[in-house]
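Next up is one chain by itself, shown in structure tokens, the form predicted on its own.
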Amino acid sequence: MMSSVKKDRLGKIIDASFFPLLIFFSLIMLIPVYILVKVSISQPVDVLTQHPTFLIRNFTWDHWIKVLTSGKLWPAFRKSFTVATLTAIFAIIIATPASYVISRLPKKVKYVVILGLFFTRMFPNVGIALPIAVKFLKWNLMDTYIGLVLAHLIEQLPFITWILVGTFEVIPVDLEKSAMIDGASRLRALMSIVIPNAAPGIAVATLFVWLNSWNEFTYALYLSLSENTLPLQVYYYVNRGGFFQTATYATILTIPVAVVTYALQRYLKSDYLGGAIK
């Protein structure tokens, strides 16, 4: 009886604190983004002072116009977008069949394979980027889109494979067997039953790989010589001390992230896959 009363009180406390905590953590995440946007559209008098104002008092588009007309934005944007998109496409093409096979392995073998995937992620990027850059220099892949895509795949393939193995694991093998009993080939069962049910997990994995590649910095620093990516452009202006150009580039860097996340947000529901296989 006492235990039931304590659970009721705990439940009421959780219910009462849910929305205040939700608002609190939402503000913690959104305020830095707001300050970033504010600096990019504020005049220097609002920012370069001992007590910067929280609200925008002197609005200006001057920093955006300088960045948009500088001639340095669009090449960096094109390179970042192309590399991130190609990395996501190649990662899905390579990792999807591999993840399906791993998910159908015996449990002990699967465990060893997954540990092997994570072994490749135990080393920091900065430690392996230099030997990769030396090897790519010999292969004439420096400062090329395909070189940066290959470097990003080294980082992203273990990550996306781990996500997709978990996705395929929750799809019952009986679904495939039922399709094959009805006359479908194994390939037809895979394409008509397994892949459609795994589509939400594949979409989420694609989203994460695209975002990771879009924001990647270390490999881009080693492998880019004449044309920067957008994160390198932000770093360039940070080194120069240009607060307003840095904020403007960083704001532009976040816009495609918001668009892609919004486009795929319906797949981010925790019960999406569970509903698909009922």
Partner chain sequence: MKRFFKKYHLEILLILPLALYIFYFTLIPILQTIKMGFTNPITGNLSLENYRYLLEREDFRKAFVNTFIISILGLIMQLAAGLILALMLKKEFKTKGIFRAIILTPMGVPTLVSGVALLYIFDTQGYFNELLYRITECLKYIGLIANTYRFVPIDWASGGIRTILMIAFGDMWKVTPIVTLLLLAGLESIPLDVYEAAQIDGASKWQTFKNITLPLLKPSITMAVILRSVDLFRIFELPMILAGKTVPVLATYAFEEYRVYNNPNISGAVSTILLVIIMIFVLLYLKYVDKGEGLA
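Think of the rigid core as the biggest set of C-alphas that the two forms share within 1.5 Å after superposition. Positions refer to the first chain, counted from 1. The structure presented is a predicted model; accordingly, all values stated were derived computationally and were not measured.
The next section is about a form of this same protein that is not shown, the form predicted in complex with its partner chain.
The stretch in contact with its partner chain in the predicted complex, judged by heavy atoms within 4.5 Å, is 179 to 187, chosen from 199 to 207, 75 to 83, 179 to 187, 166 to 174.
Its partner chain is not shown here, and in the predicted complex it never comes within 4.5 Å of any heavy atom of F59. Using a 4.5 angstroms threshold between heavy atoms, V45 stays clear of its partner chain in the predicted complex.
Although the partner is absent here, T120 sits close enough that one of its heavy atoms falls within 4.5 Å of its partner chain in the predicted complex. Not displayed here, its partner chain is approached by Y235 to within 4.5 Å at the level of heavy atoms in the predicted complex. Shown here without its partner chain, the chain has I94, P97, A98, Y100, V101, I102, Y111, L117, F118, F119, T120, R121, M122, F123, P124, N125, V126 in 88 to 126 lying with a heavy atom within 4.5 Å of that partner in the predicted complex. In the core-superposed comparison between the shown form and the other one, the C-alpha atom of S26 has shifted by at least 2 angstroms.
Remark: with the core as the superposition reference, the CA shift of N58 between the shown form and the other one stays below 2 Å. Relative to the superposed core, N239 undergoes a Cα shift smaller than 2 Å between the shown form and the other one.
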